[in-house]
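Okay, so here's just one chain, in C-alpha cells, the form predicted on its own.
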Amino acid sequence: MDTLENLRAVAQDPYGYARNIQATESKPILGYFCSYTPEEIITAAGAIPFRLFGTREDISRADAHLQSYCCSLVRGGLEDALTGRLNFLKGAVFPHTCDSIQRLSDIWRLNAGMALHFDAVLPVKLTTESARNYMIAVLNDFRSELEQGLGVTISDEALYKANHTCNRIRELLGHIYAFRSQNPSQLKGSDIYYIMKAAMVMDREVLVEQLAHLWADLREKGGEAPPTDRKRVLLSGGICTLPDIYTLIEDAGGEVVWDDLCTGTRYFEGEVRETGDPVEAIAERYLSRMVCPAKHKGMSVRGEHLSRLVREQQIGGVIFLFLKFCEPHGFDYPYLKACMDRAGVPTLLLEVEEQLPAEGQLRTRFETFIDMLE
C-alpha cells in the first residue's frame, strides 16, 4: 500500500485505526474536538491526540442530553461516546470553543464513562499581556493534570521533541497544500481531505514519517501541471467531514485549491518556537496564529486574512461551509461575506450536517455558482 492509500485508509476508518493501536501498543488515546487542543503536550506525555468528527450513525441517545439545535459535531460525538464506539479513548480534552462544546464537557464528564477528563479553557481575547499569561498558566495546569492522570512525567526534553515533531508535520502539510494549489490535477481535493483527517488522528511520530514519504513522492512528479479551465475555489468555515464535497465541486467544473478551515490550513498554520520555555512557545503559537470565531484578535482580522488568501491563491469564488446551528461561524458570516462583496468575489453559503443534501440539488447549486466565476 502506498503512502497516500495508507493515509486514506486511516481517514476512512479512524476508529478501526485507534482500536488497532489500543490492541498492539501501550499508548493511551485522548479525544478532542478543537484545533486549540495542545497536541504537543499530549504527544510529549506519550499519548495520541485523536480528533473527533461526530458520527455517521443515527443520533438518538445524545438527544436525551442535548437540545436539537446543538450542531451535529457535538451531538454526534456524544452519541459515539454513549454507544461505546469511542471505548478506545482513555479520556477527552475540552478547550473552550463555543457554548455547546463547553456544556458538552460537563455532560461528557458525567455520562461518557471515561477514565480521564480534561478542560483546557484558553482565553478568548488574545491581544493582551494578561491573555498571554493566562494562556501559559492554563497550559501549565494542563501539563500537570495530564502528568497526574496518565502517571507520567512530561519533561522539557519530551516537550522539545514533541514541538519539533508537530512543527515538522505542519511544515509538510503546508508543502502538500502548496503543491495542490499549483498542481490541482495531480492531487485530488478528496485526497487533501483524507490527508488532513489522517493527520489529526494518527500517532504523530508515525505520521511525520508518512507525510515525509508522501511529500517526497509528490516532489518526484516535479514541475507544474498544465493549466486547466477549472475555476479556483476556496472553502471557508469550521470542520469539513464530507469528502464528497470536493468531488461534487470538481464535477461542476471547480477546484478547491485552498481553504480556511479548522480541519485545514488553520490546523497547521504557524510554528512553535523550539527554544526557551516549551510551554510558553506553544502559547505563543496560539496567540499568533489566525483565529477562528472562538477567539478574538480584532474586528477585521478574519476578513483581512480571507481577502489575502483569495489574492495569494488566485481564488475565483469562496464557498462558506458551516455546520448547521454553528453560532460562532454564523455570527461571522455577514461580515466575511461583506468583505468578499467589496472585493468582488462571489460567495456561496452551504449549511450542512453529517449527511449532505440530495446530490442533484447540491450539484445544481455548485454548477450555478461555478458558472458565475471568472
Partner chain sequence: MSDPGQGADPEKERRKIKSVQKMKEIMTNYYIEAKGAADTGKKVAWITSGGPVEPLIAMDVIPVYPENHGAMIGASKMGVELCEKAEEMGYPRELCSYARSDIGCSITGGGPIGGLPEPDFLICCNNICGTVMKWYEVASRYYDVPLFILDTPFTHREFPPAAKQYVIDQIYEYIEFLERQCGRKMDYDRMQEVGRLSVEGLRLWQAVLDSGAHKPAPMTAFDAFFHLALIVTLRGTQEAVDYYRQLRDEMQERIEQGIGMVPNEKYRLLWDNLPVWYRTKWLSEKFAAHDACLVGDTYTSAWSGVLPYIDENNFLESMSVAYSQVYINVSLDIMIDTLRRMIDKYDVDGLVMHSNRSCKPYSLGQYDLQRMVMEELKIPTLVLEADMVDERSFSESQIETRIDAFMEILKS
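Small disclaimer: the values here were computed from a predicted structure and weren't measured. Residue numbers count along the first chain shown, from 1.
A second form of this protein, the form predicted in complex with the partner chain, is not displayed here; the remarks below concern that form.
K.L.:
Taking His117, Val121 and Pro328 as a possible spot, do all three reach the partner chain in the predicted bound form with a heavy atom inside 4.5 Å?
P.N.:
Yes: His117, Val121 and Pro328 each sit within 4.5 Å of the partner chain in the predicted bound form.
K.L.:
Examine His65 and determine whether its closest non-hydrogen atom to the partner chain in the predicted bound form is within 4.5 angstroms.
P.N.:
Yes.
K.L.:
Just to confirm, Thr265 within 4.5 Å of the partner chain in the predicted bound form by heavy atoms?
P.N.:
Thr265: no contact with the partner chain in the predicted bound form.
K.L.:
Determine whether any heavy atom of Ala216 comes within 4.5 Å of a heavy atom of the partner chain in the predicted bound form, and answer yes or no.
P.N.:
No, Ala216 is distant from the partner.
K.L.:
Give a yes/no on whether Lys324 approaches the partner chain to within 4.5 Å in the predicted bound form, heavy atoms considered.
P.N.:
Although the partner chain is absent here, Lys324 would touch it in the predicted bound form, with heavy atoms inside 4.5 Å.
K.L.:
Which single stretch, out of 156 to 164, 101 to 109, 252 to 260, 201 to 209, brings residue heavy atoms within 4.5 Å of the partner chain in the predicted bound form?
P.N.:
Single hit among the candidates: 101 to 109.
K.L.:
Tell me, out of Lys295, Lys197, Arg289, Arg232, which residue has a non-hydrogen atom within 4.5 angstroms of the partner chain in the predicted bound form.
P.N.:
By the 4.5 Å criterion, the partner-contacting residue is Lys295.
K.L.:
Ok, Tyr333, Phe53, Tyr36, Tyr32: which has a heavy atom sitting within 4.5 Å of the partner chain in the predicted bound form?
P.N.:
It is Tyr333 that has a heavy atom within 4.5 Å of the partner.
K.L.:
Listed by sequence position, which residues of 124 to 149 have a non-hydrogen atom within 4.5 angstroms of the partner chain in the predicted bound form?
P.N.:
Stretch hits, in order: Val124, Lys125, Thr128, Ser130, Ala131, Tyr134, Ala137, Asp141.
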